[in-house]
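What follows is one chain in structure tokens, specifically the form predicted on its own.
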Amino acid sequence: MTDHLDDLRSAAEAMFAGREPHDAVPDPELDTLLWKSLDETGFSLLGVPEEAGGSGGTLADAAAVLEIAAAHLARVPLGETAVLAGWMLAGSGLAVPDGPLAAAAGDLALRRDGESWVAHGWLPDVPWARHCGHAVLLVPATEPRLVLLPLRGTPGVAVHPDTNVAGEPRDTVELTGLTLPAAAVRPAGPGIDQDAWEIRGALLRTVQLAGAAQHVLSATVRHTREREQFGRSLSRFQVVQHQLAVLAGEVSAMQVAARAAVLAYETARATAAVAVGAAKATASASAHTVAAIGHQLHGALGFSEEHRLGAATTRLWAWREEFGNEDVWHERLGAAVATAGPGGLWRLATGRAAEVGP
């Protein structure tokens, strides 16, 4: 398994090398050439079953590629397409359409009109919506529904562009009487509900946080070796070495937490929510420290628009908040322990208590 994932990471590294931005200026545009390469190699739907139109493989395979993509600051909705949209479509018996996909969860007014559905609603902060042909929407309810929304050239759909602090598309999708065929709206598959969406999304952002943190570490080590002060490189100063050690420790903790959470999600679903919640809390908390040390050791240079460090640190700041920051997950984990009764922490960690949910 390790050799397989190492080979996959090497292949992904070769693909993403040279595709990262050269400066810190936010760019909300899709890297179409990179997406074409991902599509041609099957990386765009890695982890989605072949019978649903995906590339097959496991979630661990997809996570390995996602971590490398985040480390290279790739401007593509890889996680949204494969880990979120593809998961919901495959789990609900729907084929995966071509092209990049947006994914969201939110309330939507749906009513039947003969053999069709009519949809009204306002969906904020939908990642990459302006660049996608379709969005997969989970409508939470007593019986959750899945909706496949066409986004381009369809009457009744308007996409209002917006971005997060990293300059990534976080658009608002407005539906005003959108007519959908009956096949585009169906009950969500087993295990696909609001809680599952939150857990899956938190896992995705945890993996991406680990990747972006690795970018900060690599850039900072390189900078402190190359930059000289008082006739010697910055990395020779003890105070800098101490900060680099702290930075490396934080990044390692994020990577270990992310990979452990992926493993728990795939192999021990009774404890998956706990593992993912703890990993997201760890990654979100460490993101602040990683960004702070990276900027401190780069000095004023790291804040300039000509330097690409900001493209990584702004992603850390944005992703740490999405699907719950460390405060949110610490609270959820604490509440789960409290309601589990005597020995609750042990029973929760071993899958003998209720899972952690929003």
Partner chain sequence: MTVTGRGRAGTTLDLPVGSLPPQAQSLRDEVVAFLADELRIGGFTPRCDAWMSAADPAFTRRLAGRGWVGMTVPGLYGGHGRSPLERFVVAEELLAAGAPVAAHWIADRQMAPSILRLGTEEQKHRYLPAIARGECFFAIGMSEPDAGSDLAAVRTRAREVPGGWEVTGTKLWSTGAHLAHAIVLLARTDPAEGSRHAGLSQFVVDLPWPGVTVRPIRTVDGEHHFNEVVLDAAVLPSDALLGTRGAGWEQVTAELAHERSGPERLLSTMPLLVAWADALEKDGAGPAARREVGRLLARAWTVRQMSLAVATALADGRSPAVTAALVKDLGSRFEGDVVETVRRLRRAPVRRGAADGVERLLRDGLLHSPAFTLRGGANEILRSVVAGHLGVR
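Positions refer to the first chain, counted from 1. Everything numeric here is computed off the predicted structure, so don't read it as measured data.
Below, we turn to the form predicted in complex with its partner chain, even though it does not appear here.
Using a 4.5 Å heavy atom cut-off, which of 236 to 244, 82 to 90, 182 to 190, 161 to 169 contacts its partner chain in the model of the complex? That would be stretch 236 to 244.
Taking any heavy atom pair closer than or equal to 4.5 Å as contact, tell me whether residue 194 reaches its partner chain in the model of the complex. Outside the cut-off, so no.
Going by a heavy atom distance of 4.5 Å, is residue 19 a contact of its partner chain in the model of the complex? No.
Does at least one non-hydrogen atom of residue 279 fall within 4.5 angstroms of its partner chain in the model of the complex? Yes - in the model of the complex, heavy atoms of residue 279 and its partner chain come within 4.5 Å of each other.
Given that its partner chain is not shown alongside this chain, does residue 119 nevertheless sit within 4.5 Å of it in the model of the complex, heavy atom to heavy atom? No.
Kindly confirm or deny that 29, 174 and 301 each have some heavy atom within 4.5 angstroms of its partner chain in the model of the complex. No residue of the spot touches its partner chain in the model of the complex.
Let me know the one among 251, 96, 78, 138 whose heavy atoms come within 4.5 Å of its partner chain in the model of the complex, would you? Selected option: 251.
Quick one: of 123, 178, 151, 275, which gets a non-hydrogen atom within 4.5 angstroms of its partner chain in the model of the complex? Looking at 123, 178, 151, 275 one by one, just 275 meets the 4.5 Å heavy-atom criterion.
Since the partner is left out here, which residues of 250 to 268 would have a heavy atom within 4.5 Å of its partner chain in the model of the complex? If the 4.5 Å heavy-atom criterion is applied to its partner chain in the model of the complex, 250 to 268 yields 250, 251, 252, 253, 255, 256, 257, 259, 260, 261, 263.
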